[in-house]
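Only one chain is given next, in structure tokens, and it is the form predicted alone.
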């Protein structure tokens, strides 16, 4: 095992709790490890120091026995108990946790009763009727498991932005640090801020292609080399994603950057516009078509290329051939929102529900990011699995927030992520909602409703005057769970009619509402709130993914409410209340 920080320790404690649950161990023992994992996640002290002083057992939630195991982990980087426990299970059994709907109890049941120890065996068991015959399963459960396995196969080889961004940015930084490198960029889906990527494309200009390519294939992130040449190399990273690198001369960089950024549809139009001017355009140059003598303009940057083709510069996020060329011709391209425009954000969780950090820690982290305000929206009482707050706990949190605001210029807004119940009513009464600064409403259950029923359910919730914004509109989990059936245009119309803000959930597992719908919302006058749905201080960084998606949706600073300064945002949050 590697060097242990508190997050690594928390992950191992969580895995131990899961394995104990698979074994059917005492519920109190399982809960002890779950509580210890949660205590580690929220621990704000110096872990090595506390371990060194022998005071780990004094941390709330960590008993003496678990403190000894954590000490062994931190001191040695290893834990014999964990290794012995893990050896009791077939390796493939842990892959089943990646199948939606398969938790410890179901996995334990198919393992013990049917000797199923892998996803492939689980699929076979669902198809031949053995899984449906198990007590507590049935035909519907088996069908749902099969669908989840099919979804898993369908998404194989795709990666969410949040899974690859850290490594991608590290590679960019490392390439830039090379003395022989002139320019570096990431291209493809990553540069266009698509919600998922199949691979990563890097572009480098240099006069020393061999040395740069050698550096790329020998990088510490590389697991295996697929192809290696002076100007083109492909590798598989330890994360599983394929990364390709092209090396060009600096005079070719602008053309290669444009071509390898794409999209394919965007590139086709670019080539057509070049041909109309007597030129040919490819990934390396702009030349005269058919041996003609048309004058070739000097191209140093991408902007020069667009200008030569009679266009304003088109930002990478917009290059999907969805109207960007007409806007670039007419000089009506939007001035896209930027991360630096954000002044605050909403829909964030604390240890009061299922977050890992306290109110104070979340506030401090947001202020450190340069934000002026932060909205706290812990789960409501129906989200039992997320330790949702009942009325008393919510109002106590509101009082705590009010007290904190008196002691600081940084502003916390007291909100709640309120469950939308099956009939469209809300988890709290209007009397409770009226005491909040804002309200986010979200669907967290009964995803199998018909499109008409789900749409009616959501619109009814939005019609409540205390509802400020709608959270993660479609409930999708990228590469994991499809969106539930809902009439998105109808919801957008209702948002416009009721003055409800629609959230752009910036968690890279969601990025919901999808970027394809934001131009319609903008046209209807619906405002956006870019929210990280942060359950940890580090997840406030998800805002960058939300901004990327907002930019793909053609959104500008004025379309996003949390670009407003502190002095203006409070009025917007309560505007529906009249």
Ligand code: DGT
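No experiment lies behind these values; they were computed from the predicted model shown. Numbering follows the first chain given and starts at 1.
Only in words, not in the display: the form predicted together with the named molecule, which the text now covers.
*Asks:* If we take heavy atoms and a 4.5 Å cut-off, which stretch out of 94-102, 370-378, 421-429, 254-262 is in contact with the named molecule in the predicted complex?
*Replies:* The contacting stretch is 254-262.
*Asks:* Note which of 205, 144, 474, 267 lies within 4.5 Å of the named molecule in the predicted complex, where distance is taken over heavy atoms; exactly one does.
*Replies:* Selected option: 267.
*Asks:* Only one of 219, 460, 271, 232 comes within 4.5 Å of the named molecule in the predicted complex by heavy atoms, so just point that one out.
*Replies:* Only one option qualifies, and that one is 271.
*Asks:* Should residue 189 be classed as touching the named molecule in the predicted complex when contacts are defined as heavy atoms within 4.5 Å?
*Replies:* Although the named molecule is absent here, residue 189 would touch it in the predicted complex, with heavy atoms inside 4.5 Å.
*Asks:* For residue 196, is any heavy atom within 4.5 Å of the named molecule in the predicted complex, or not?
*Replies:* Yes - in the predicted complex, heavy atoms of residue 196 and the named molecule come within 4.5 Å of each other.
*Asks:* Can any non-hydrogen atom of residue 437 be found within 4.5 angstroms of the named molecule in the predicted complex?
*Replies:* Output for residue 437 is no: heavy atoms all beyond 4.5 Å of the named molecule.
*Asks:* Does residue 201 reach the named molecule in the predicted complex if we count a contact as any heavy atom within 4.5 Å?
*Replies:* So residue 201 counts as contacting the named molecule.
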